[in-house]
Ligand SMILES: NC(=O)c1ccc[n+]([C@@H]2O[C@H](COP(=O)([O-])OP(=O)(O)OC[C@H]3O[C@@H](n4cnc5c(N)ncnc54)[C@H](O)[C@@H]3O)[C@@H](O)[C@H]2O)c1
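As structure tokens, one chain now follows by itself in the form predicted on its own.
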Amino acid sequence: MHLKDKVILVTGGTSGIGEACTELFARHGAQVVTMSIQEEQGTALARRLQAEGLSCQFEYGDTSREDDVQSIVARTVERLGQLDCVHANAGILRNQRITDLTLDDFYALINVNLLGPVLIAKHAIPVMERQGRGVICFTTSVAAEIGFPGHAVYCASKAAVVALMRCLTTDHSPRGVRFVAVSPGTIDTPMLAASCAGWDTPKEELYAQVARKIPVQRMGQPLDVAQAVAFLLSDEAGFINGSVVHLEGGTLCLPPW
């Protein structure tokens, strides 16, 4: 996984999967710009990695706001001279049936989970096409393929990201830009922990129940995803294009009974 000196922008890069990616990419010698709305966590993460002699800068920004995305892409190129890779990872989760859905929750999900990747692509692709090279990796989810109860709009938003990635491949790969996606299953992240709030069963017991159902007998860790993304962004993955890599421990292989 040769990422040394590559300039990589990570959105949602200060928690869970994004934090693991930011740190791993920096440890592989990349120049990382990590973007999120978690200013305190982002500042602390960048300072910690810089103290180790690694290259990481934090940018406060909301991927659903075009001005934020456009300015951060422009500043990255201005400061570092190029933009080799983007990991469009920012996402949120809401849990309700359609019959209980509020429009505020609908727009929150669509704006972050779908509009965010669209805006990242809109502003990163021209830079990469001018360079003649670049990779954009999207974080989708097995929710794009499974009807999770109470998650209709979340599932729809993640399925839309897969369709977006495939269309971008046909439109822009002839000009040197690759597009890939990772599809995590159950990953031990703060977002997953927050989804356990309100259950009568303790989180630890819920996690143990889930782990027993996964063929590899454990939940995924953010580093599991980060290692796969690092490979997909590297030159060694140069013939992987328009593809979704599933990281779910075999969950999708389970029979429906």
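The numbering used is simple: start at 1 and walk along the sequence shown. Just so you know, these numbers come straight off a predicted model, no measurement behind them.
One more form of this protein should be noted, the form predicted in complex with the named molecule, which is absent from this view; the next part is about it.
Per the 4.5 Å heavy atom criterion, the named molecule in the predicted complex is contacted by stretch 29-37, the sole one of 29-37, 226-234, 209-217, 46-54. By the criterion of a heavy atom within 4.5 Å, Gly134 is excluded from the residues contacting the named molecule in the predicted complex.
Of the heavy atoms in Leu9, none are within 4.5 Å of the named molecule in the predicted complex. Mapping the unseen interface onto this chain, Val162 falls outside it, with no heavy atom inside 4.5 Å of the named molecule in the predicted complex.
At least one heavy atom of Lys158 is located within 4.5 Å of the named molecule in the predicted complex. A heavy atom within 4.5 Å of the named molecule in the predicted complex is found for one listed residue only; from Leu114, Ala121, Ala90, Val153, this is Ala90. Contact residues in stretch 163-195 (any heavy atom within 4.5 Å of the named molecule, taken in the predicted complex) are Pro184, Gly185, Thr186, Ile187, Thr189, Pro190, Met191, Leu192.
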